[in-house]
Structure formats: C-alpha cells, structure tokens
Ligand SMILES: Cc1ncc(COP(=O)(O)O)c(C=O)c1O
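Heads up, the chain below is alone and in the form predicted on its own; it's given as structure tokens.
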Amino acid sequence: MTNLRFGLVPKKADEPRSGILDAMRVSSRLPQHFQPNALAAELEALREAGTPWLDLTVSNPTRCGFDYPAEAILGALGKADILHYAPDARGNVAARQAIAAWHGHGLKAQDVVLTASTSEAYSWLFKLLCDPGDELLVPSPSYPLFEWLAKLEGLTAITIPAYFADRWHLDLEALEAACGPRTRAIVVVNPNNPTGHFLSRGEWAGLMALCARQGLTLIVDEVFADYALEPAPDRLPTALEDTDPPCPVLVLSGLSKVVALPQIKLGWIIARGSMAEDLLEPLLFIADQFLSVSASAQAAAPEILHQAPELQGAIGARLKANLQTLDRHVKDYPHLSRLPVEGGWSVLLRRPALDGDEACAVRLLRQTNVLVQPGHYFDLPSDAYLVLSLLTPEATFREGIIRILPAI
C-alpha cells in the first residue's frame, strides 16, 4: 500500500520542500517529503523493540504460505531459449498466444502487448494517450497508485467518488460532469481494490456510452477478475466479453495476481475492439523504446499459466475461509459489520467513526499488536472503514480478528 509502504504523510500544497530536495532540484512530480506517517512510525517502533505483531494487511502472496509448484516454475524460468536475444516490441509470441488462450473470448496473440508489470502498462498508456497537463478520471475508492503514476507522467488523476447503497455503484453522472477539454481517459478496476466491486452490466453500458460521447479511452484493470467471492447476478466478469466496444478499451492484467507471482514481473495490455487496435502501432513505438520484459519471464509464461487453476483454487479457498471467520466473529459485535466482497483479496470492516481511521489503526497496533489499514488510504469516503487482507494465513487472520474486534 503506497501510504504505509513509503511512510508518507499528507502535505499541503503550499508547504515548502525540504532543503535537500530543493538543492538537488528533484522533480516537483515527486512527493514533497518522505516522513513516516503515524501508522508507519508506530510499526517501526514495534520492529525496533522486537515486539511480535500480526499483519492483516499482507498482499504479497509469496509470503502467505501457499504451496507453489516450485519444480514446474523453476524449470520454466530456466529454459535455454533465454540465452538468445530476440527482441519484439509486442513480446514473445508464444507468451502472447498463451495469454490469449488463457483469457479466451476470441483473443489472438496480436491483441496482446507484454509489459514488465501493470504499473509499467499504466505508464505506457498514459504516455500513449496524454500530454503533460492532461487529466484522467478514476472512480474512488481505489488503490492510490494511480495518483502517483499520473503525477510521474505530468498528469492529473481526478477521483470521482462511487457510492454505497447495498453495494458499490459508479456515479456515471459525476464522471461525465467531470469531463473537461483535457480529459483523455477513464481508469476503472474490475473488480475494484479494495471494495471488491465488479462493474454491473448497466454500468458497463453507461461507461461505453459516456466514453463514446466524450471521445475517451477506457482503461480496465482486471488483475483481480479471477477472484470472484460474492458476485452480484448482473456483474460484468470481464470487459473482454465486449468484442466491439464503441470506444477504445484497453484491458490490463498480469502474473502478479493471475498466478500470484509478482516477482516474475510480467504484465500485459489487451486491445479490445477495432478502435483500440488503431492504438497498437503507437503503443508498440513506446514499447520498443524500453523492451523491458525479461526473456525468462516471457519464456516461462506458457508453463506458469498452466499452473494458474491450482494456485487460484488455493487462494480462493483461503479468501472464503477468512471471510467465514470474520463473519463468525463479527456477529458478536453489533456495532461492527463487513461490506459485501464481490471479488478481490480485501474486505472492508465498517465501524462507528468515533475517532479517525488512522488513529484507530494506530491504537489497534499499540493495544493488540495487529496491523490493519485505514480506509482513507484508499479514499474511502469517511473514517468508518478499516481494510483487511483476506490473503492472510488463516491462523493469523483468526487470531488477529479475535484481538482487534473487542478493541475497535
């Protein structure tokens, strides 16, 4: 999580930069300083004291006790093909064929462009679609990565709050009202992180109409699409179902979530529909300037994707077990509830906002030695939410829940 990982604290726009940053002429696109926020500082104090603590925020699957098919993965990464350099701006054709086959929906290898990660994919797409000073619209709550990826490209990410009424809903009217002469794209995550909200088919139709009217590209991040938990009947499982959308649609995914291997560093961009296909040639020009995807990741992709069903099955079982654990225990605390989890790896715990959500998280860490994330790190609309990771090992999750619920 950006705020906790980098230890950043909010800073007003008119506050001065530190002297060292000014002296070094560091770009104004970077954070103004790197001081730890209250939660990061409290966690560091626990570490320095050698105090054991439980992490209910863990999102790195390789640290969650899953049984990876090590022999198959290591064998795939050690193929002799990697000794020969054959650069291709689109990426290795065998890898792209495997990705197209994995997704289905009539995809072909030429619809896929490989990247080193979904973060890099965003960077390339922002370069492709925008000039410095342009704007992107991002429904919130959402992962704070978008703000910084946009800033690093000289862009502004404008957040448009979604609203909760039995489930989360996009505010399509607010999205359209926010469109201006410098708006170039809308970025949505399906399902959303951390709310778990899958787009409904009605929302998809509304987004298509909006983007067509405004001449916008739609970027759809589907890294969590394989992890449906409590999906609504009208959900859109994947944007790839729409074979000929009326606006350019670019779909992102990668090995980080599909096979829970973030360290392999392989993501991809899928162009959906004839309008998106027109963007491929300039996108390949950008890709050709970097050629950043490692030969080993590309060579291994077909075999690693073959392991996906088994790994996803284990992760899905973990997510459901932890959700059931939370439900069993939270019912004893009538002032607490958890929101529906349509998909993804997180759950939102709703509480009375008697103190700030970061203050609550700091207090829980001090009193119970359990780390949770405040909802405002993800732009949740009030102090009433804490964010927990369902990826946490089951025994740790159970113990953490038992400790924190009486203290919230």
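Not measured: the values here are computed from a predicted model. Numbering starts at 1 and follows the sequence shown.
The following text describes the form predicted together with this ligand, which does not appear among the structures shown.
- This chain is displayed alone, yet in the model of the complex one of Ser256, Ser200, Ser140, Gln298 has a heavy atom within 4.5 Å of this ligand; that residue is Ser256.
- Taking Leu207, Ile99, Val189, Ile270 one by one, only a single residue has any non-hydrogen atom within 4.5 Å of this ligand in the model of the complex, and it is Val189.
- Taking the partner from elsewhere, Asn193 is found to have a heavy atom lying within 4.5 Å of this ligand in the model of the complex.
- By the criterion of a heavy atom within 4.5 Å, Ala162 is excluded from the residues contacting this ligand in the model of the complex.
- Contact annotation: Leu216 falls outside 4.5 Å of this ligand in the model of the complex, judged by heavy atom distances.
- A residue is said to contact a partner when one of its heavy atoms sits within 4.5 Å of a partner heavy atom; Phe126 fails this definition for this ligand in the model of the complex, lying far away.
- Stretch-level contact check against this ligand in the model of the complex with heavy atoms at 4.5 Å: of 219 to 227, 91 to 99, 131 to 139, 106 to 114, the positive one is 219 to 227.
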